[in-house]
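Below you will find one chain, with nothing else, as structure tokens; this is the form predicted alone, and questions on how it binds or moves follow later.
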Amino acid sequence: MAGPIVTLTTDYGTADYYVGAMKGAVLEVCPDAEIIDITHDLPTYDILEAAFTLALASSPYPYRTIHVVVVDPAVGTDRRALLVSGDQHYYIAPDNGVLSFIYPKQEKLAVYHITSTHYFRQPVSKTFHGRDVFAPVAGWLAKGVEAAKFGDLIEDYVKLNVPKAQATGEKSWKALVLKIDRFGNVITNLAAEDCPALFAEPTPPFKLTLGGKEITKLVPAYSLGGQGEIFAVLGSSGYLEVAANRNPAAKLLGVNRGVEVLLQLG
């Protein structure tokens, strides 16, 4: 039988010892744990990017997977460490909003402030809570310690003001660029449920405006756009994307995260 799964999501990169030390701290407590790297290449200190990445990557894992995310600009301060029990999974993270995409999706949510220091690796470094706090707590949780043993329930945990697409009229919406992926695809925060009419068949006439340019074509797959053509597509994230076949749409459009996106039907 496979051991408990612990995933790691950080901005540590892989050139230094940090990720290896975190893995060792998990295995020191629970040698049977299976550790999976989601990514360690998040932009440094970018809490919003980490929150979005974790939300998209964590859901397919088996029941009671333990997700550890460490993007922690305030490490060593009085910011709290959290253990979150959700409908399917556990999440261990600093209390800085990095779980903001996770919280709204849970019907049963319990958020614990981790205060039981005897589960920490000693001595606790002021600069490396990933190794000394988050990883060993994940190890003990994987070993079967109940979530409530790690601290008290809280309700005042930090939540980012996550930008959402807004309807500005009967057939118009205002959205933002939420992420640029490594292929240069422009991922907006306009979800399929925000505008189901756009994805009806046949596709209705529409105009998507960003970067001073208008996109009027929606395709079901990246390869169905013309070479270098900029088009819209519903991505695997469930959000509307702007892409170009084998070209970086973000570069072609000259846009970055946070740029306004306007959608008009008809």
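Bear in mind the structure is a predicted one, so any value in this text is a computation, not a measurement. Position 1 is the first residue in the sequence shown; the rest follow in order.
In what follows, reference is made to the form predicted together with another copy of the chain, a form of this protein that is not presented.
Peer 1: Answer with one of Ile215, Leu48, Leu42, Val68: the residue that has a non-hydrogen atom within 4.5 Å of another copy of the chain in the predicted complex.
Peer 2: None of the other options qualify; the answer is Leu42.
Peer 1: Exactly one of Phe128, Trp173, Tyr90, Tyr112 has a non-hydrogen atom within 4.5 Å of another copy of the chain in the predicted complex; which residue is it?
Peer 2: Result of the distance check: Phe128.
Peer 1: For the chain seen here without its partner, which of 70 to 78, 191 to 199, 153 to 161, 139 to 147 has a heavy atom within 4.5 Å of another copy of the chain in the predicted complex?
Peer 2: This holds for exactly one stretch, 70 to 78.
Peer 1: Please check if Gly258 has a heavy atom lying within 4.5 Å of any heavy atom of another copy of the chain in the predicted complex.
Peer 2: Gly258: no, not in contact with another copy of the chain in the predicted complex.
Peer 1: Is it the case that Val242, even though its partner is missing from this view, gets within 4.5 Å of another copy of the chain in the predicted complex, heavy atoms only?
Peer 2: Residue-level check for Val242: no, no contact with another copy of the chain.
Peer 1: At the 4.5 Å heavy atom threshold, is Leu208 in contact with another copy of the chain in the predicted complex?
Peer 2: Result no; Leu208 lies far from another copy of the chain in the predicted complex.
Peer 1: Taking heavy atoms and a 4.5 Å cut-off, does Ala21 contact another copy of the chain in the predicted complex?
Peer 2: Ala21: yes, in contact with another copy of the chain in the predicted complex.
Peer 1: Taking Gly169, Gln227 and Leu262 as the candidate spot, are all three within 4.5 angstroms of another copy of the chain in the predicted complex by heavy atoms?
Peer 2: No: no residue has a heavy atom within 4.5 Å of the partner.
Peer 1: Could you list which residues of 205 to 228 come within 4.5 Å of another copy of the chain in the predicted complex, counting heavy atoms only?
Peer 2: Those in contact are Pro220, Ala221, Tyr222, Ser223, Leu224.
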